[in-house]
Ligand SMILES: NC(=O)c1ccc[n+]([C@@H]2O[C@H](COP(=O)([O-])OP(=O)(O)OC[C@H]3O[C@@H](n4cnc5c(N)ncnc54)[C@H](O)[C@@H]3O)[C@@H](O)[C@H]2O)c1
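Heads up, the chain below is alone and in the form predicted on its own; it's given as structure tokens.
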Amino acid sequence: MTKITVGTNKNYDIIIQRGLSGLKEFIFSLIKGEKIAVICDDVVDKLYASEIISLLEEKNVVKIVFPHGEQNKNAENYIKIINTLAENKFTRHDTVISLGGGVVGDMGALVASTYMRGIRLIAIPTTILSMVDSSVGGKTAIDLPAGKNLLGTFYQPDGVFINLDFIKSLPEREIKSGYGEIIKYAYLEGEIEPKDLESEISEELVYKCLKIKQKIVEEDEKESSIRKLLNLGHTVGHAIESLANYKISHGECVLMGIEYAINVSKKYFLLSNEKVEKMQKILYSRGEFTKESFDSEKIIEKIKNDKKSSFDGVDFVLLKDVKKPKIVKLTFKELKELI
């Protein structure tokens, strides 16, 4: 078992281990009220919900299930969940547990951050992507028709419990998606090296990813400066994800976005072929990934609705080299020429 303590406006612990031993004690050390809402999707409900809820029988537990998939991370389901809390008379002293991957984590966290202006939140991520990235750092969101993650808040959890055994049930697509975020970390400052990307998911690898994120989030909790580096591959990746109607996994869209970032970096910084090849080797360290082509005009139109955009351009994460990312403000005209 490994523990990381994140120091933000609300300090919290991340537990990384195999199995659920200690989960009950962890949850009960964080809650005060009598009611707990376990929010999950219909896939996770069948796999893990009953086991988790059985640990909480001393409390009044309400299970809230919504359909799986990014397309269901929407305003309609958000309002349904909020209404369920209200109908069950949840108070500010009660707790939300988000049990699931990135979609459930984003939804559950937004619910917790906005219901009665904020109630307790415990994250139990069940996918690689959510374990190494989205469950930590306090970003919450749902998607709007205009784009991904446009309605959200910054709201840190009260605790995160990572059970690596959940990975055993993941389909291959979810594993590839998770490695998309891990590969992203390999381009940032930190201890992740190419050899780490060739190994299977371990407590050490998850720890290395989260230590990178911890350092960045503690320095810039609300993404005014250095935290934007975590958006490497996400600006174009989110655009592709939206244009593909979320039929391509988030992690693979991030990998496509990193490929765009490498190509733009080559032109912008006049990088040598040697540096580009080194970056591409990392990108393909887990083999080929899904690719789909979209018109650059359509990509840019989506980027204009990205939360990192302003009226005249967008903050874009480029790479001067591996472990040398740089945030560059590109006008939309420049971006069109570069991609």
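For every residue, the number given is its place in the sequence shown, counted from 1. What you see is a predicted model, and the numbers here were worked out from it, not measured in a lab.
Beyond the structure shown, there is the form predicted together with the ligand, which is absent from this document and is the topic of what follows.
For the ligand in the predicted bound form, the listed stretch (90-98, 256-264, 198-206, 70-78) containing residues with heavy atoms inside 4.5 Å is 70-78.
Among residues of the shown chain, residue 225 is not one whose heavy atoms approach the ligand to within 4.5 Å in the predicted bound form. The shortest heavy atom separation between residue 166 and the ligand in the predicted bound form is within 4.5 Å. Interface residue remark: residue 306 is not counted as part of the site for the ligand in the predicted bound form, having no heavy atom within 4.5 Å. Contact annotation for residue 30: none of its heavy atoms lies within 4.5 Å of the ligand in the predicted bound form. The three residues 183, 281 and 314 each lack any heavy atom within 4.5 Å of the ligand in the predicted bound form.
The contact with the ligand in the predicted bound form, taken as any heavy atom within 4.5 Å, belongs to 102 out of 108, 157, 233, 102. Contacts of stretch 314-339 with the ligand in the predicted bound form, defined by any heavy atom lying within 4.5 Å, are made by none of its residues.
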